[in-house]
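Take a look at this single chain in structure tokens; it is the form predicted alone.
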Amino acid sequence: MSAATRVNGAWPYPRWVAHRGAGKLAPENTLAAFRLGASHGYRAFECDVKLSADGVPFLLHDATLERTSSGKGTAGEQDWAALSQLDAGGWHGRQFAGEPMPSLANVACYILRNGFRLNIEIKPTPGVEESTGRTVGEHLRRLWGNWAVPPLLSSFRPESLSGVRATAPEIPRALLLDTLWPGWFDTVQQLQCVAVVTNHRLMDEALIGQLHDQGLRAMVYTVNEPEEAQRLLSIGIDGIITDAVDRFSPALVA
């Protein structure tokens, strides 16, 4: 079954998605953030994944370690044994001190055990875009198997999505866009994406119509204001990624 076939019927992902686990209320891309997002009623989470130097997929947004961990330097140049020992929580507050940087396997265990859904943004270290997609796809095939709804894999880098398609074509893919650059729609079709995720300012009724006419889903990041959320809901958006997990209740406004 192709990725497009799998999701063209009932969309298996909740409309409301917690950005990097719990937005800004906990250290991003940690299990502490996922747990806090879940405590606010969220059942779908977005996170960023890249590779360690020895090929282990792990959660981190930035190319470098300084902003969100006790480490220094380019994350992708360090082995997982070193990365796994870093404090990825203390920068956010003393109550999170010692929170480890999770591997993709750690997150998969949490998501599967709780029956949650996951949107993984592939955030490759520059220069290894395609190989990152390949490796993430290989790992996801082992972690998820055939019995659960797979993660939705998204990226700003078409090369990463191409790598996923090469190793795990059954896992659904989405192109991330911060501008509607020339040829973006052709790229979506060439990569056999099932969705497009744009900056929320780009999304309007015409774009949603274009995507829906082609059997694609429309998602947006990062919506934190009620007025903008209501605008998007009124024009038929399929997914909203938000930091405001304490203000938007998915049980009330989904």
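Nothing here was measured: the structure is a model prediction, and the numbers come from that model. Just count from 1 along the sequence shown to find any residue number.
The next section is about a form of this same protein that is not shown, the form predicted in complex with SN-glycerol-3-phosphate (G3P).
Novice: Where, among 40-48, 187-195, 225-233, 200-208, do residues come within 4.5 Å of SN-glycerol-3-phosphate (G3P) in the predicted bound form by heavy atom distance?
Specialist: Flagged stretch: 40-48.
Novice: Any chance Arg20, Leu176 and Ile241 all have a heavy atom within 4.5 Å of SN-glycerol-3-phosphate (G3P) in the predicted bound form?
Specialist: Yes.
Novice: Which one of Trp144, Phe156, Tyr110, Trp80 is close to SN-glycerol-3-phosphate (G3P) in the predicted bound form, taking close to mean a heavy atom within 4.5 Å?
Specialist: Spelling it out, the residue with a heavy atom inside the cut-off is Phe156.
Novice: With the cut-off set at 4.5 Å between non-hydrogen atoms, does Glu99 touch SN-glycerol-3-phosphate (G3P) in the predicted bound form?
Specialist: Glu99 lies outside the contact set for SN-glycerol-3-phosphate (G3P).
Novice: Using heavy atoms and a 4.5 Å limit, would one call Phe58 a contact residue for SN-glycerol-3-phosphate (G3P) in the predicted bound form?
Specialist: Because no heavy atom of Phe58 falls inside 4.5 Å of SN-glycerol-3-phosphate (G3P) in the predicted bound form, the answer is no.
Novice: Quick one: is His139 in contact with SN-glycerol-3-phosphate (G3P) in the predicted bound form, heavy atoms, 4.5 Å cut-off?
Specialist: It does not: once SN-glycerol-3-phosphate (G3P) is placed as it appears in the predicted bound form, His139 has no heavy atom within 4.5 Å of it.
Novice: Taking heavy atoms and a 4.5 Å cut-off, does Arg165 contact SN-glycerol-3-phosphate (G3P) in the predicted bound form?
Specialist: Arg165: no, not in contact with SN-glycerol-3-phosphate (G3P) in the predicted bound form.
Novice: Along 201-229, which positions have a non-hydrogen atom within 4.5 Å of SN-glycerol-3-phosphate (G3P) in the predicted bound form?
Specialist: Heavy-atom contacts within 4.5 Å come from Tyr221 alone.
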